[in-house]
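Consider the single chain below, provided in structure tokens and representing the form predicted alone.
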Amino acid sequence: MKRTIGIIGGGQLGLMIAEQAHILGARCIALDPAPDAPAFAVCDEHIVAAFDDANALEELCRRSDVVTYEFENVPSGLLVGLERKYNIKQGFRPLFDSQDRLREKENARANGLRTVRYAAADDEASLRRAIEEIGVPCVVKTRTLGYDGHGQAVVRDTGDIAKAADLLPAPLIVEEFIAFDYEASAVAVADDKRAICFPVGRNIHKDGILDLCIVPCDDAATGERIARESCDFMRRCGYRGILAIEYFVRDGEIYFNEMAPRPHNSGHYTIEGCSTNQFRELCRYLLDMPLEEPRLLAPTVMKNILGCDLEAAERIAAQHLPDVHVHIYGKTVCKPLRKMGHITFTATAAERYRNEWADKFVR
């Protein structure tokens, strides 16, 4: 009898989890509040309900052999009770640790990763003290729920403090601003026996949103160190399943930025760029199958497709070019800065992408 994976969340990550689960012979059921959630198109069953609907979450767990989550803002408190009754294999702990940037930084530092300097702030007085302690320039972020550049402000001088104070009354964290050489991300998967890490990519953002992931990253030795330290970190924390970690790299030093216990946008390149991919290895873990060591097949560039890029992506898809793999997520509402898909350019280094493809996208 086929096993069923329950997915909390029905976005594009849930869609790609379900696609890989089917390849491995499993069924999927997803829960999402949106009736047109992308994952519903490929899942065997679905539940339309809010993420904080305790009864709906329990129903998902009851109908599943194992449960995972596809985004980090799932109410972790609700999972604590469910974890005692059902097979939520990654557990609530990595989710809980990732949901507060202060807790996340403290956990990273306590388990062997370097971070920038940081301080907490809960009101305007403590915000001013934290900025004075860290110094300018610095970055002020909400401790919870921020994403893609939302919920943060850069403070370059005292005149910017008022702008940062607009983020109150949300609890804040003030972080040292470093002029990093580049941002890199690692996606690791661990079970009780081993941890694997996908080749580390260099990330390029526009307006706070990931635009490109270029693999491999600039320096092989730094990439290998990031992969090794990411796996060691998972072991120290006792995490199992999948974990994505973003790092800043400066002068050969690496600094933990943030993490997510789910597949990651920067890891989409693995579908065509590697011998296995982040979604398949998560499913292997969930289905009690042995993990497979990933291997980069060729230099690869992944381009995020936002609403403003969608027409260009559709034109490229219609050409059916070799080494160009277009994924459109099937979202029914297109907005200029909404993630609508991605394109993976295999056998393509950064220079070739710049020469052949960069000018196809106007953003």
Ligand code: AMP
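One rule holds for the numbers: they count along the sequence shown, beginning at 1. Not measured: the values here are computed from a predicted model.
Keep in mind that the form predicted together with this ligand is missing from the display, and what follows is about it.
Each of 139, 152 and 257 is positioned with at least one heavy atom within 4.5 Å of this ligand in the predicted bound form. Of the listed positions (219, 272, 191, 183), a single one reaches within 4.5 angstroms of this ligand by any non-hydrogen atom in the predicted bound form, namely 183. Proximity to this ligand in the predicted bound form, defined as a heavy atom within 4.5 Å, singles out one entry of 83, 100, 229, 246, which is 246.
The candidate stretches are 73 to 81, 175 to 183, 121 to 129, 230 to 238, and the one lying within 4.5 Å of this ligand in the predicted bound form by heavy atoms is 175 to 183.
In the predicted bound form, this ligand lies farther than 4.5 Å from every heavy atom of residue 163. Remark: residue 109 does not count among the residues lining this ligand in the predicted bound form, judged by a heavy atom distance of 4.5 Å or less. The closest heavy atom approach of residue 205 to this ligand in the predicted bound form falls within 4.5 Å. Shown without its partner, the chain has no residue in segment 286 to 321 with a non-hydrogen atom within 4.5 angstroms of this ligand in the predicted bound form.
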